[in-house]
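Starting off, we have a lone chain in the form predicted alone, written out as structure tokens.
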């Protein structure tokens, strides 16, 4: 049976294929942040939009998808327990701040242990390290500085036993400030590296 799922906004949908009658149930559930998008479910006979959390439609060969109906969370958990149990964990975000150049603040140095713990707990092989600067200095200077900050954090993680091949480093220079400022403004919260552990 061919049917289409069209993503309209970010969503998390559960799909259950039932028995030899070739029925497919599609349920729209909130994502891990509690947000719900909407989806359009279609086949050759028609389509239906689902826009509310915990609503479901059933698709059968030769028939249009059924109108959406609300499902109890307990029913969803029972029908889709296996799929729900293997959902990926949400990424963990850390922000490390710098006193100057590539010298981390004392509080940020303490966070390294938390980053290492998150990497080990998840057995993560997907770690992003993104360098940033404030707006003091030229664009070229800040691109180099943000690159060096990201590299210094990567090196710290590698010295703590993290596989270097698991770490992706990028740099934004002064282009994506956490706190927007005019040019040539010293803002400590923009002198940072963001680490994301997936």
Partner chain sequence: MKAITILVTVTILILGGSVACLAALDYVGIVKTIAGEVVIVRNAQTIKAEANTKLLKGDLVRTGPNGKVGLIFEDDTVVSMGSNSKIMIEQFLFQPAEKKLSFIARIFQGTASFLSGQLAKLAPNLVYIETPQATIGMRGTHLLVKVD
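Take the two forms, superpose them, and find the largest set of C-alpha atoms that agree within 1.5 Å; that set is the rigid core. A quick note: this is a predicted structure, and the numbers were derived from the prediction, not measured. Positions refer to the first chain, counted from 1.
Below, we refer to the form predicted in complex with its partner chain, which is not included among the displayed structures.
- Within 4.5 Å of some heavy atom of its partner chain in the predicted bound form lies at least one heavy atom of residue 76.
- Taking non-hydrogen atoms only, residue 29 approaches its partner chain to within 4.5 angstroms in the predicted bound form.
- At the 4.5 Å threshold, heavy atoms of residue 153 stay clear of its partner chain in the predicted bound form, well away from it.
- The shortest heavy atom separation between residue 114 and its partner chain in the predicted bound form exceeds 4.5 Å.
- Contact annotation: of the candidates 160, 42, 148, 66, the single residue with a non-hydrogen atom within 4.5 angstroms of its partner chain in the predicted bound form is 42.
- Contact annotation for 105-140: residues with any non-hydrogen atom within 4.5 angstroms of its partner chain in the predicted bound form are 122, 123, 124, 125, 126, 128, listed in sequence order.
- Superposed on the core, the two forms barely differ at residue 101: its CA moves less than 2 Å between the shown form and the other one.
- With the core held fixed, residue 71 shows a CA shift of 2 Å or greater between the shown form and the other one.
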